[in-house]
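First comes one chain, alone, set out as structure tokens in the form predicted on its own.
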């Protein structure tokens, strides 16, 4: 496997009893790529992401993340990735600096390195005056930008973003995506799920899951040409209409 490939799956499958949540998916993600992982509710993308993050063992098939086997080396994977979700990313009853320190410690960073990088991050985000502010008091857009910055604070090879911009206004979403591009330029691979189809246009490549399978995978431009569509929203709707199962 090429060093440029940071995520690799071959016939990756997850079953719960007789129900096949993820059905023989095959794809690769490259270093520094922004990879959109799309699918309607119930399509299987959350289950697939859990396997890739080392949180759930596959029923069959292969998967490697950052060079580690998702079946045999889940703890190594957890140390090599970052993760952010819309639902849970920061502890709201901790201060801004306390959240940074907590997650940096979890990811195994040394105290002196944490202290140095914390000051740099607060200055970069213009959060210096907010260092002692409880996260619960921050506006949602600020929380999301802080959560993303914390998820890549330890410079992981890959960061998994699970609907990271849910509920924030369009201007904040644009700022958030500027941060994503900056991270990708540094070589961090971005693996992102989103319900906003305009955000799918920002990805280098996009996969779309339907009923546990990957039904389409290509650049947004090529997918729109393939489906004779004007937008990724049209592509997504045409594929989602094929779905037989519900969430």
Partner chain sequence: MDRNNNYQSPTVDYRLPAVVVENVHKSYGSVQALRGVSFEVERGEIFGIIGPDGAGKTSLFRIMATLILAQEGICTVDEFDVVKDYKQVRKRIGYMPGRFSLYQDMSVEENLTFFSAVFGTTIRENYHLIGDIYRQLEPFKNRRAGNLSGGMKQKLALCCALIHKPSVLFLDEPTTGVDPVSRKEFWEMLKRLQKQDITVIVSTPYMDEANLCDRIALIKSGRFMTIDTPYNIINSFDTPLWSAKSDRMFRLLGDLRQYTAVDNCYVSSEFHHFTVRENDFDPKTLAVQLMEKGHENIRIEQIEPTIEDCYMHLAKN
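Residue numbers count along the first chain shown, from 1. Please read all numbers here as calculations on a predicted model, not as lab measurements.
FYI, the form predicted together with its partner chain isn't displayed, but the following is about it.
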Notebook entry, point to check: Is it the case that 174, 195 and 224 all touch its partner chain in the predicted complex, with a non-hydrogen atom of each within 4.5 angstroms?
Noted result: yes
Notebook entry, point to check: Would residue 106 count as touching its partner chain in the predicted complex under a 4.5 Å heavy atom rule?
Noted result: no
Notebook entry, point to check: Can any non-hydrogen atom of residue 69 be found within 4.5 angstroms of its partner chain in the predicted complex?
Noted result: no
Check: Is residue 41 close enough to its partner chain in the predicted complex to count, meaning some heavy atom within 4.5 Å?
Finding: yes
Check: Should residue 163 be counted as a contact of its partner chain in the predicted complex, where contact means heavy atoms within 4.5 Å?
Finding: yes
Note to self: Within 4.5 angstroms, counting heavy atoms, which one of the listed stretches 209-217, 176-184, 55-63, 25-33 is next to its partner chain in the predicted complex?
What the structure shows: 176-184
Checklist line | Partner-contacting position among 86, 80, 149, 73 - heavy atom within 4.5 Å of its partner chain in the predicted complex | finding: 86
Check: Using a 4.5 Å cut on heavy atoms, which of 159, 121, 135, 168 is close to its partner chain in the predicted complex?
Finding: 168
